[in-house]
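Below sits a lone chain in C-alpha coordinates, taken as the form predicted on its own.
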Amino acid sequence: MDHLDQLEAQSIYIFREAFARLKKIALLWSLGKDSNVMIWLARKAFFGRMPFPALHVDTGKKFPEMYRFRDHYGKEWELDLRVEPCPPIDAVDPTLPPAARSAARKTEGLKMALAKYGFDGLIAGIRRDEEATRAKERVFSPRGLEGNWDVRDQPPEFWDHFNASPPQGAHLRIHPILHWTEADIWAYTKRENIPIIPLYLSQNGKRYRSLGDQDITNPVASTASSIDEILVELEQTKVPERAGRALDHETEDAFERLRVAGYL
(Lines give C-alpha, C1' and ligand atoms only; values in the text may rest on other atoms or scores of the structure.)
Protein backbone atom coordinates (compact mmCIF):
# COMPACT_ATOMS: atom_id res chain seq x y z
CA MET A 1 0.00 0.00 0.00
CA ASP A 2 1.13 3.55 -0.64
CA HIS A 3 0.94 6.33 1.94
CA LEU A 4 -2.65 7.33 1.17
CA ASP A 5 -3.79 3.70 1.20
CA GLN A 6 -2.28 3.28 4.67
CA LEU A 7 -3.98 6.41 5.96
CA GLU A 8 -7.30 5.30 4.50
CA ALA A 9 -7.03 1.80 5.96
CA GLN A 10 -6.25 3.11 9.45
CA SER A 11 -9.16 5.57 9.33
CA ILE A 12 -11.60 2.91 8.13
CA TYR A 13 -10.46 0.68 10.99
CA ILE A 14 -11.19 3.51 13.47
CA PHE A 15 -14.66 4.07 11.98
CA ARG A 16 -15.51 0.38 12.27
CA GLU A 17 -14.19 0.18 15.82
CA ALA A 18 -16.34 3.12 16.87
CA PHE A 19 -19.45 1.72 15.19
CA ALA A 20 -18.94 -1.73 16.71
CA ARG A 21 -18.12 -0.63 20.26
CA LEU A 22 -20.38 2.36 20.90
CA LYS A 23 -24.16 2.37 21.06
CA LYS A 24 -25.15 5.60 19.36
CA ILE A 25 -22.74 7.69 17.31
CA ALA A 26 -22.84 10.62 14.89
CA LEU A 27 -20.34 12.28 12.58
CA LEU A 28 -19.85 16.01 13.09
CA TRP A 29 -20.06 17.61 9.65
CA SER A 30 -18.54 21.10 9.61
CA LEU A 31 -18.81 21.18 5.78
CA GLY A 32 -15.05 21.76 5.36
CA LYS A 33 -12.41 19.70 3.56
CA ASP A 34 -11.58 17.50 6.56
CA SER A 35 -15.10 16.47 7.45
CA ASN A 36 -15.89 15.89 3.77
CA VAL A 37 -12.97 13.45 3.62
CA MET A 38 -14.37 11.82 6.78
CA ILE A 39 -17.76 11.29 5.17
CA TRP A 40 -16.04 9.81 2.13
CA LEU A 41 -14.09 7.42 4.36
CA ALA A 42 -17.19 6.48 6.36
CA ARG A 43 -19.08 5.64 3.18
CA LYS A 44 -16.16 3.45 2.10
CA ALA A 45 -16.00 1.79 5.53
CA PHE A 46 -19.65 0.80 5.34
CA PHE A 47 -19.95 -0.13 1.67
CA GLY A 48 -21.36 3.06 0.25
CA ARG A 49 -23.72 4.37 2.90
CA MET A 50 -23.01 5.93 6.28
CA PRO A 51 -24.96 4.02 8.96
CA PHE A 52 -25.11 6.88 11.48
CA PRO A 53 -26.23 10.52 11.30
CA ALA A 54 -24.22 13.46 10.02
CA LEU A 55 -24.67 16.22 12.60
CA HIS A 56 -24.23 19.86 11.55
CA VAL A 57 -24.22 22.19 14.56
CA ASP A 58 -25.17 25.33 12.69
CA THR A 59 -24.17 28.78 13.88
CA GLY A 60 -26.15 30.35 11.03
CA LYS A 61 -22.99 32.22 9.98
CA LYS A 62 -21.40 29.91 7.41
CA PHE A 63 -20.63 31.06 3.88
CA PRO A 64 -23.48 30.66 1.35
CA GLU A 65 -21.27 28.27 -0.64
CA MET A 66 -21.04 26.00 2.41
CA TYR A 67 -24.82 25.81 2.84
CA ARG A 68 -25.28 25.04 -0.86
CA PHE A 69 -22.68 22.28 -0.55
CA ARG A 70 -24.43 20.82 2.51
CA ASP A 71 -27.85 20.81 0.91
CA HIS A 72 -26.62 19.27 -2.35
CA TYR A 73 -24.30 16.57 -1.04
CA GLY A 74 -26.43 15.75 1.98
CA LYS A 75 -28.93 14.44 -0.57
CA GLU A 76 -26.47 13.00 -3.08
CA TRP A 77 -24.60 11.04 -0.40
CA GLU A 78 -27.92 9.95 1.19
CA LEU A 79 -26.92 11.23 4.61
CA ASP A 80 -29.14 11.12 7.67
CA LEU A 81 -28.51 14.83 8.16
CA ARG A 82 -29.38 16.44 11.48
CA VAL A 83 -29.03 20.23 11.58
CA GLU A 84 -29.07 21.65 15.09
CA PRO A 85 -28.96 25.36 16.06
CA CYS A 86 -26.61 27.22 18.38
CA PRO A 87 -27.75 29.55 21.18
CA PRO A 88 -27.38 33.33 20.87
CA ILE A 89 -24.11 35.00 21.80
CA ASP A 90 -25.64 36.21 25.09
CA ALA A 91 -25.67 32.60 26.32
CA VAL A 92 -21.88 32.30 26.00
CA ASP A 93 -19.13 33.11 28.51
CA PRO A 94 -18.68 36.91 28.30
CA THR A 95 -15.07 36.71 29.51
CA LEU A 96 -13.93 35.11 26.24
CA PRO A 97 -12.38 37.30 23.51
CA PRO A 98 -14.80 38.23 20.68
CA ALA A 99 -13.93 35.52 18.11
CA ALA A 100 -13.61 32.83 20.77
CA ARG A 101 -16.95 33.85 22.20
CA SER A 102 -18.54 33.58 18.77
CA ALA A 103 -16.96 30.15 18.23
CA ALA A 104 -18.11 29.01 21.68
CA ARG A 105 -21.71 29.13 20.47
CA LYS A 106 -20.94 25.88 18.64
CA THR A 107 -19.83 24.25 21.90
CA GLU A 108 -23.14 25.14 23.53
CA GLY A 109 -25.07 24.03 20.44
CA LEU A 110 -23.24 20.71 20.54
CA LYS A 111 -24.16 20.21 24.20
CA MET A 112 -27.80 20.84 23.30
CA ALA A 113 -27.61 18.28 20.47
CA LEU A 114 -26.03 15.72 22.81
CA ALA A 115 -28.84 16.21 25.32
CA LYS A 116 -31.42 15.87 22.55
CA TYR A 117 -30.10 12.71 20.89
CA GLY A 118 -28.11 10.97 23.63
CA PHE A 119 -25.06 10.16 21.49
CA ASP A 120 -22.27 8.32 23.31
CA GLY A 121 -19.78 8.91 20.49
CA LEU A 122 -19.10 11.89 18.23
CA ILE A 123 -16.77 11.51 15.25
CA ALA A 124 -14.81 14.71 14.62
CA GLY A 125 -12.40 15.69 11.84
CA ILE A 126 -9.55 17.24 13.79
CA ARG A 127 -5.88 16.62 12.94
CA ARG A 128 -2.79 16.83 15.14
CA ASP A 129 -0.94 19.07 12.69
CA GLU A 130 -3.65 21.77 12.72
CA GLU A 131 -3.03 23.35 16.09
CA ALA A 132 -0.91 22.70 19.20
CA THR A 133 -3.84 21.89 21.50
CA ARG A 134 -5.24 19.34 19.06
CA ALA A 135 -1.82 17.67 18.93
CA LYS A 136 -2.46 16.48 22.50
CA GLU A 137 -5.57 14.51 21.51
CA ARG A 138 -6.20 10.77 21.43
CA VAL A 139 -8.07 8.83 18.73
CA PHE A 140 -10.76 7.83 21.25
CA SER A 141 -10.93 10.84 23.54
CA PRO A 142 -13.14 10.74 26.66
CA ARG A 143 -15.25 13.75 27.61
CA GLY A 144 -16.72 14.59 31.01
CA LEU A 145 -20.41 14.79 31.87
CA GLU A 146 -20.50 18.43 30.69
CA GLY A 147 -18.54 17.64 27.52
CA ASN A 148 -15.31 18.98 28.99
CA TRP A 149 -11.87 17.65 28.00
CA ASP A 150 -9.15 16.97 30.58
CA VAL A 151 -5.87 17.08 28.67
CA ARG A 152 -4.04 15.64 31.71
CA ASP A 153 -6.24 12.55 31.86
CA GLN A 154 -6.01 10.93 28.43
CA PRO A 155 -5.89 7.13 28.05
CA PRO A 156 -2.83 5.46 26.48
CA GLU A 157 -3.32 4.06 22.98
CA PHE A 158 -0.71 1.40 22.28
CA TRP A 159 -0.78 -0.77 19.14
CA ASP A 160 -4.23 0.50 18.10
CA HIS A 161 -5.94 -0.62 21.30
CA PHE A 162 -8.53 2.03 22.11
CA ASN A 163 -10.56 2.70 25.24
CA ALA A 164 -14.12 2.86 23.88
CA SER A 165 -15.97 2.95 27.19
CA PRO A 166 -17.21 6.44 28.04
CA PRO A 167 -18.22 7.20 31.63
CA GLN A 168 -21.93 6.84 32.37
CA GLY A 169 -23.75 9.84 30.94
CA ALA A 170 -20.67 11.12 29.09
CA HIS A 171 -19.40 10.56 25.55
CA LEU A 172 -16.27 9.90 23.49
CA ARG A 173 -14.87 11.98 20.68
CA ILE A 174 -13.50 9.76 17.91
CA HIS A 175 -10.87 11.21 15.57
CA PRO A 176 -10.36 9.03 12.47
CA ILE A 177 -8.07 11.48 10.65
CA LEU A 178 -6.01 12.61 13.64
CA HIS A 179 -2.88 11.16 11.99
CA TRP A 180 -3.41 12.92 8.64
CA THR A 181 -1.82 16.22 7.54
CA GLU A 182 -3.28 19.08 5.51
CA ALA A 183 -1.31 17.85 2.49
CA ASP A 184 -2.66 14.32 3.01
CA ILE A 185 -6.22 15.67 2.98
CA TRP A 186 -5.67 17.45 -0.32
CA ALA A 187 -3.78 14.57 -1.93
CA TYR A 188 -6.56 12.15 -0.96
CA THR A 189 -9.24 14.59 -2.12
CA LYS A 190 -7.52 14.74 -5.50
CA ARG A 191 -7.07 10.98 -5.79
CA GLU A 192 -10.65 10.20 -4.82
CA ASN A 193 -12.13 13.16 -6.73
CA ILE A 194 -13.99 14.32 -3.62
CA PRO A 195 -16.10 17.46 -4.22
CA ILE A 196 -14.78 20.66 -2.63
CA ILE A 197 -16.15 24.08 -1.83
CA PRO A 198 -14.80 26.65 -4.37
CA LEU A 199 -13.68 28.99 -1.57
CA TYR A 200 -10.60 26.77 -1.13
CA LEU A 201 -9.35 27.84 -4.58
CA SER A 202 -7.74 31.20 -5.29
CA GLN A 203 -9.90 34.07 -6.46
CA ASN A 204 -8.30 37.49 -7.00
CA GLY A 205 -5.09 36.37 -5.30
CA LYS A 206 -6.70 34.98 -2.14
CA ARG A 207 -8.20 31.72 -0.93
CA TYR A 208 -9.44 30.12 2.27
CA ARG A 209 -7.28 27.39 3.78
CA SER A 210 -9.69 26.79 6.66
CA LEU A 211 -13.43 27.49 6.61
CA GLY A 212 -15.49 28.58 9.59
CA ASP A 213 -18.02 31.29 10.35
CA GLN A 214 -18.03 34.05 7.78
CA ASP A 215 -17.52 36.85 10.32
CA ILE A 216 -14.43 35.33 11.96
CA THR A 217 -12.71 33.67 8.97
CA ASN A 218 -10.49 35.44 6.44
CA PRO A 219 -8.71 34.36 3.25
CA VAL A 220 -4.93 34.18 2.91
CA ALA A 221 -2.81 35.39 0.01
CA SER A 222 -2.55 32.60 -2.57
CA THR A 223 -2.50 31.98 -6.30
CA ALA A 224 -3.37 28.26 -5.96
CA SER A 225 -6.42 27.71 -8.17
CA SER A 226 -6.31 23.90 -8.32
CA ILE A 227 -5.56 21.05 -5.92
CA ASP A 228 -2.22 20.44 -7.67
CA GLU A 229 -1.27 24.06 -7.05
CA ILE A 230 -2.44 23.82 -3.42
CA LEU A 231 -0.13 20.83 -2.88
CA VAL A 232 2.82 22.74 -4.35
CA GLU A 233 1.98 25.75 -2.20
CA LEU A 234 1.88 23.61 0.97
CA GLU A 235 5.40 22.37 0.28
CA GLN A 236 6.69 25.94 0.24
CA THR A 237 4.56 28.00 2.63
CA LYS A 238 5.31 28.75 6.26
CA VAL A 239 1.90 30.32 6.84
CA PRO A 240 -0.13 28.25 9.36
CA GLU A 241 -3.27 26.55 8.09
CA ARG A 242 -5.47 28.48 10.53
CA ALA A 243 -3.88 31.87 9.78
CA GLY A 244 -7.23 33.12 8.52
CA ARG A 245 -9.09 32.23 11.71
CA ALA A 246 -9.56 35.26 13.97
CA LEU A 247 -9.82 32.90 16.95
CA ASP A 248 -6.18 31.86 16.54
CA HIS A 249 -4.98 35.47 16.82
CA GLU A 250 -6.62 36.23 20.16
CA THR A 251 -5.21 35.55 23.63
CA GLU A 252 -2.83 32.62 23.86
CA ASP A 253 -5.14 30.50 26.00
CA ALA A 254 -8.43 31.27 24.19
CA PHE A 255 -8.41 28.17 21.98
CA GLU A 256 -7.37 25.88 24.83
CA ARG A 257 -10.15 27.28 27.04
CA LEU A 258 -12.63 26.47 24.29
CA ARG A 259 -11.31 22.94 23.82
CA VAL A 260 -11.33 22.20 27.54
CA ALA A 261 -14.97 23.33 27.58
CA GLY A 262 -15.84 20.93 24.73
CA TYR A 263 -15.02 22.79 21.50
CA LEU A 264 -13.96 20.65 18.55
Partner chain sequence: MNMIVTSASPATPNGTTSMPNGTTRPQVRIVIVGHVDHGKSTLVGRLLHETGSLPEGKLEMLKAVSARRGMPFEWSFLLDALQTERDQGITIDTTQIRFRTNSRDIVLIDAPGHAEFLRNMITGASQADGAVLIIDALEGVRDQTRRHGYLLHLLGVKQVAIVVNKMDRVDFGADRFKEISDEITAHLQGLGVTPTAVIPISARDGDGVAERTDRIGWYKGPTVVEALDRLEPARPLEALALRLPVQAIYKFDDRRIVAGRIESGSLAAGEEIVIMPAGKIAKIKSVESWPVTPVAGRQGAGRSVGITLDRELFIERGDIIAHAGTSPRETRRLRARIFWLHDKPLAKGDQLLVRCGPKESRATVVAIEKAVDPGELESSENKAIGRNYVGEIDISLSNPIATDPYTENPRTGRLVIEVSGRIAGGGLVLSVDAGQRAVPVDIVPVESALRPDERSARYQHNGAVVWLTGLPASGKSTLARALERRLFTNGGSPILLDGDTLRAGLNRDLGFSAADRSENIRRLAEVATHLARNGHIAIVAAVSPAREDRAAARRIADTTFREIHVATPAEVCEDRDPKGHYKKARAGALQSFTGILNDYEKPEAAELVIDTSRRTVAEAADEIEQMLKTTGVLFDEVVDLAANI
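It should be emphasised that the depicted structure is a prediction, and the values quoted were computed from it without experimental measurement. Numbering follows the first chain given and starts at 1.
Keep in mind the form predicted in complex with its partner chain is missing from the figure; the text below concerns it.
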item	value
Partner-facing stretch of 36-44, 198-206, 59-67, 211-219, counted where any non-hydrogen atom is within 4.5 angstroms of its partner chain in the predicted bound form	36-44
Heavy atom of residue 148 within 4.5 Å of its partner chain in the predicted bound form	no
Residue 138: touches its partner chain in the predicted bound form, heavy atom cutoff 4.5 angstroms	yes
Residue 16, heavy atom within 4.5 angstroms of its partner chain in the predicted bound form	yes
Partner contact for residue 90 in the predicted bound form: its partner chain, 4.5 angstroms, heavy atom	no
Answer option from 179, 190, 82, 72, heavy atom within 4.5 Å of its partner chain in the predicted bound form	179
Stretch 162-179: residues contacting its partner chain in the predicted bound form, 4.5 Å heavy atom cut-off	162, 163, 165, 179
